[in-house]
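One chain is shown next in structure tokens, namely the form predicted alone.
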């Protein structure tokens, strides 16, 4: 089998492509994806189960803990009529414990599968597998690098709410240094015009200056703030994230800053507009008080999660040429 070059631009031609990074996308590619998500969402709401992938088997190899992303991908394949080969603790269950490289694992598995979905704690690990195999590889999170399918589902959720991503105003709070969901989201939003983003994070977890410069050069207006009192009153979206314990070697430092910014009903009442939506990539570990869940503007357990399944359904059908 002939290996391919990953990170190829999508350029609205999804069939056979890897989904490794948001940098592969341009605006037409994203808009085509959003149209496909909308179509599949309507079909699933009426038909429940589809048969677009009835001839396909997809492998899920997760070397890092996951519940939502793993389940979302697994259900996405099954709702499309496909089958899965699943390893949720691939680091323990695969031959990697014997020293097998990721590339060799991929070369073996492509003989059995039509696509590979992979999560791994090392940045660039998914791209290594994508370079080694000829079947499509989808990145389900590579360490602190990217989480492209999360970024795309979050953008779609914002689009559903606001009807356009041009001119959207987003507050992003929490771990901006290691937050792969944040990195993917920001690049995705940079494909649209007039986007304004406010960043709120502990000093230790600020978005690197190099990335801020990159996103500014791509047209996003970025403002950094250091207190909840500075949150703009006109935000369309608050995107809260957790401080990630697994990225810290010094647990004392993690304990010191993990709850630097907590989303409370009082904060939403004071600073949130009536048209705001509250989002979170999950899991949460204390940075959103449970009482916020009852706010009708909170979509992290409802629309946002369900849109993850629809987004992954759309990507799978498109890269496998099943539409």
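In this text, all values refer to a predicted model and were calculated from it rather than measured experimentally. Residue numbers count along the first chain shown, from 1.
This protein has a second form, the form predicted together with a small molecule, left out of what is shown; the following refers to that one.
> Pick from 253-261, 50-58, 279-287, 22-30: which stretch has a heavy atom within 4.5 Å of the small molecule in the model of the complex?
Looking at the other structure, the answer is 279-287.
> Indicate whether the small molecule has at least one heavy atom within 4.5 Å of a heavy atom of residue 242 in the model of the complex.
Yes, residue 242 sits close enough to the small molecule in the model of the complex that at least one of its heavy atoms falls within 4.5 Å.
> Is there a non-hydrogen atom of residue 184 within 4.5 angstroms of a non-hydrogen atom of the small molecule in the model of the complex?
No, residue 184 stays farther than 4.5 Å from the small molecule in the model of the complex.
> Flag residue 139 as yes or no: does it have a non-hydrogen atom within 4.5 angstroms of any non-hydrogen atom of the small molecule in the model of the complex?
Flag for residue 139 set to no.
> With heavy atoms only and a cut-off of 4.5 Å, decide whether residue 68 touches the small molecule in the model of the complex.
Flag for residue 68 set to yes.
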